[in-house]
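Consider the single chain below, provided in structure tokens and representing the form predicted alone.
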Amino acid sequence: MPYNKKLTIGLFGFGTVGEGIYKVLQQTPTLQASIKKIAIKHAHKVRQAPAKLFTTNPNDLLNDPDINVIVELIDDADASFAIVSTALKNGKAVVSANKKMIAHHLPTLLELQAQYQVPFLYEAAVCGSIPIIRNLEEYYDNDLLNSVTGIVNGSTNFILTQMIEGGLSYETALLQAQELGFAESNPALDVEGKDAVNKLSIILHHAYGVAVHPDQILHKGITRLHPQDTRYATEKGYQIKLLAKAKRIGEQELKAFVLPSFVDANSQFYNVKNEYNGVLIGSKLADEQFLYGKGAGRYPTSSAVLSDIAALRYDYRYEHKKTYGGTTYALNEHSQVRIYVSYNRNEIVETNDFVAIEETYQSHERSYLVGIIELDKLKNAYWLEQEGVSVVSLDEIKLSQTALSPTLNNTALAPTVLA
């Protein structure tokens, strides 16, 4: 596709983002892009576009020789994969925002892109309006990255901001996020950390060239957080953020996880609030750079989709340099993380799972400990799944700020009734 070639688009999905794309393309003739057909699921729903544009038959788009770009904006990951893989096989460029589909099928999609020599772009799948994929692909393509850490889910960040600063309960903050359109009616993917780990899987590929299925990465959301945890944060001067973290350890190994995390006022993430996202890139050559922008809502996603569509005018595609050359990385499941664990009086936390215990507190109602644990031990700990247990990472807090105490080994720590 030369720079001035017209893009004829087949659009899958006409929700808030799809409708926004349709309207912007109508108002931006300089893009030389137009929508020929839109595939939808429910034919009788009233939509703000001419009826002749709509069809319920995906093949009307996938088999149309005039359509050279497929823009896929549906929620169903399985249907999305079928659409995208067929489009690539048919020689059509693809723009997608489905992070679950991409994270779960990335190796296969890369093979199809290489085999059929067509672009497959998905900036909108990660961090909304923040161009993190393009930066990792272009600006950092030859740089040795030390770390990539981010608030990558605007819905959970909004909820956590309201819990810490507004004093709201989790349930009330979630309801407010839903009313404002930052969280879905079924918010499980966001609040359980699944959306964030899908995005981290994609980031790992573009930052380090590794293909890691999301199920391989430790991830916990914010549903288990207790009012005691927010009180602890307030007393220490911390905020709580759901962070996705990838960090290079040694020459060829990586540490990666998604966990609620304490951050202090020295952190770039401390003032990233409400529906905003932030990504901190630690570079061997350029030190640290911070990207900030809206991560939830109709317009941030639309912005990223439009950027990808515009890039197709000059046949832009990801080169995946970190995958096809250079250092080969692998996850190290024995890497360590510092965590805070709070639990009610009926729960038991096995301290022999920990490398070290730094702090303990016991009370009638709620107790906690601070310790260092290997990621695989934490991922497989039976107590992590107990209803009354919550875990928050302290990896972003400097060690000097945490008082150390002797390691406790081979014991089960249960709350002691204190006088």
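As the structure is a computational prediction, the values presented were derived from the model and not from experiment. Sequential numbering from 1, following the sequence displayed.
Beyond what is shown, the protein has a form predicted in complex with L-homoserine (HSE); the following relates to that form.
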Quiz item: Thinking of L-homoserine (HSE) in the model of the complex, which stretch from 188-196, 160-168, 216-224, 329-337 has heavy atoms inside 4.5 Å of it?
Solution: 188-196
Exercise. Decide yes or no: are Lys99, Gly154 and Ala183 jointly within 4.5 Å of L-homoserine (HSE) in the model of the complex, with each residue judged by its heavy atoms?
Key: yes
Self-check item: Contact test in the model of the complex: Gly295 vs L-homoserine (HSE), heavy atoms, 4.5 Å
Solution: yes
Quiz item: Which residues within 320-354 place at least one heavy atom within 4.5 Å of L-homoserine (HSE) in the model of the complex?
Solution: none
